[in-house]
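Starting off, we have a lone chain in the form predicted on its own, written out as structure tokens.
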Amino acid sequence: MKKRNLILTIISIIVLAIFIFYADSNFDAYQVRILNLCAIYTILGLSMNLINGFTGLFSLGHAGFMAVGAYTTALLTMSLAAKEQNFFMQPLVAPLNSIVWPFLPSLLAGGLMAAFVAYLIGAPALRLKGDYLAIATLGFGEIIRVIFTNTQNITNGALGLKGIPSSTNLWWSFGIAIVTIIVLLSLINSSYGRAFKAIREDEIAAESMGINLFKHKSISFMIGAFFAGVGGGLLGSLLGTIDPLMFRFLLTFNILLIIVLGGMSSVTGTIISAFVITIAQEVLRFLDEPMNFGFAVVQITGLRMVIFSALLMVVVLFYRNGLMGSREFSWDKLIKLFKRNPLVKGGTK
């Protein structure tokens, strides 16, 4: 049974690789960018779901971790000429002004820096619970953004960074998304994952069973921040420019929306929701354009988000636990769904 599931998983990855090759060669730049965003939001959604869904920590500082990863990756990959053009008001500090790293090491450095910041934030914040933790992490996320706005010789302040190498492509975004899924599934199904779920269900009971609450919360918080930093680095490289205003609370809210709609503590739901929300926002973009109803041309600014929000409300009302709840995709369930029950003697089931 396990061998069959492994073979089916490998076949699925091969099919995905064929699709990526076809899309990279035949899709236009707009469609490729949407697919890249789907994969990046999958990474970000999974990283936040590890913290909020599987560990039960109500964290709202994800945009701050993304900012750390995005700026770190950008500063390490930008050419020396691009750095000189950006930092015309104040020179970039050493040694960032003289180093240029390849994309993968820069992404990992961005993730590690975000995890380090999460460790510093988690030391005081993770001793709080519920709404207090949410307020604290939201505050720390805003502090990170304000610091980046005022450190002219490191982040170029409010001007942001331009000329970031466009290294993100379908292979990078989908490849890292697959790695993220594999790592998080392995973690969730390990003893650490069971400890995370125990903390989510009842902290007092978990502690009485010998689980070190602060240690496991910190591990979950740092791993989630690591992948958020990697996702931020991918996003910055895809857009080619970043500034502090990109990493406001609205970005955290969008990621939170993905995990709530997909299902808290569901990897499958997060993946589905990331694709559905990202594509739906683009499909509904025509609502912001002038529309002719036969008697007049009407343009209602923001109508797209109004309709989109109304559709999400309908989904949440009918699926209060999200599209998948806490369920996960499995080959066994899929095969069982398409397999007919055998008839017993007499022609009845």
Partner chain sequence: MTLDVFLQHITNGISLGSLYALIAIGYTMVYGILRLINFAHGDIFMMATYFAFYGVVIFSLPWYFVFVFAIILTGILGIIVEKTAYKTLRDAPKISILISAIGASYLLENLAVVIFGGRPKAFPTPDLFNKVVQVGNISVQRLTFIIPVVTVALLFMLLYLINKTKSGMAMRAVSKDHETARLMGVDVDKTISFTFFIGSMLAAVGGIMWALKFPQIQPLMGVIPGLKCFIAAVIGGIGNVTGAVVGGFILGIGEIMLVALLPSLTGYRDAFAFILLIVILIFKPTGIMGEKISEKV
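Fair warning: this is a prediction, and the values are worked out from it, not measured in the lab. Positions refer to the first chain, counted from 1. Throughout, rigid core stands for the largest set of C-alpha atoms superposing within 1.5 Å between the two forms.
Beyond the structure shown, there is the form predicted in complex with its partner chain, which is absent from this document and is the topic of what follows.
- Query: Quick one: in the predicted complex, does every one of A17, F21 and N36 get a heavy atom within 4.5 Å of its partner chain?
  - Reply: No.
- Query: Counting only non-hydrogen atoms and a 4.5 angstroms cut-off, does F253 reach its partner chain in the predicted complex?
  - Reply: Yes, F253 lies within 4.5 Å of its partner chain in the predicted complex.
- Query: Taking heavy atoms and a 4.5 Å cut-off, does L108 contact its partner chain in the predicted complex?
  - Reply: No, L108 stays farther than 4.5 Å from its partner chain in the predicted complex.
- Any non-hydrogen atom of K162 within 4.5 angstroms of its partner chain in the predicted complex: No, K162 sits far enough from its partner chain in the predicted complex that none of its heavy atoms falls within 4.5 Å.
- Query: Closest heavy atom of G240 to its partner chain in the predicted complex, within 4.5 Å or not?
  - Reply: No - in the predicted complex, heavy atoms of G240 and its partner chain never come within 4.5 Å of each other.
- Could you spot which one of S79, Q85, N150, N97 gets a heavy atom to within 4.5 Å of its partner chain in the predicted complex? Going through each option in turn, the one that passes is N150.
- Quick one: of I154, I143, L245, I279, which gets a non-hydrogen atom within 4.5 angstroms of its partner chain in the predicted complex? Looking at I154, I143, L245, I279 one by one, just I143 meets the 4.5 Å heavy-atom criterion.
- Per-stretch contact check against its partner chain in the predicted complex, the hit in 25-33, 39-47, 314-322, 61-69 (non-hydrogen atom, 4.5 angstroms): This holds for exactly one stretch, 314-322.
- Residue by residue through 121-138, tell me which have a non-hydrogen atom within 4.5 angstroms of its partner chain in the predicted complex. Residues within 4.5 Å: P124, L128, K129, D131, Y132, A134, I135, A136, L138.
- Tell me, please, whether between this form and the one not shown the C-alpha of Y30 is shifted by 2 Å or more, with the rigid core used for superposition. Shift at Y30: below 2 Å after core fit.
- So with the core overlaid, does the Cα of V316 end up 2 Å or more away between this form and the one not shown? Yes.
- Message: After a rigid core superposition, would you say the CA of I307 moves by 2 angstroms or more between this form and the one not shown, or not?
- Response: Yes: I307 shifts by at least 2 Å between this form and the one not shown.
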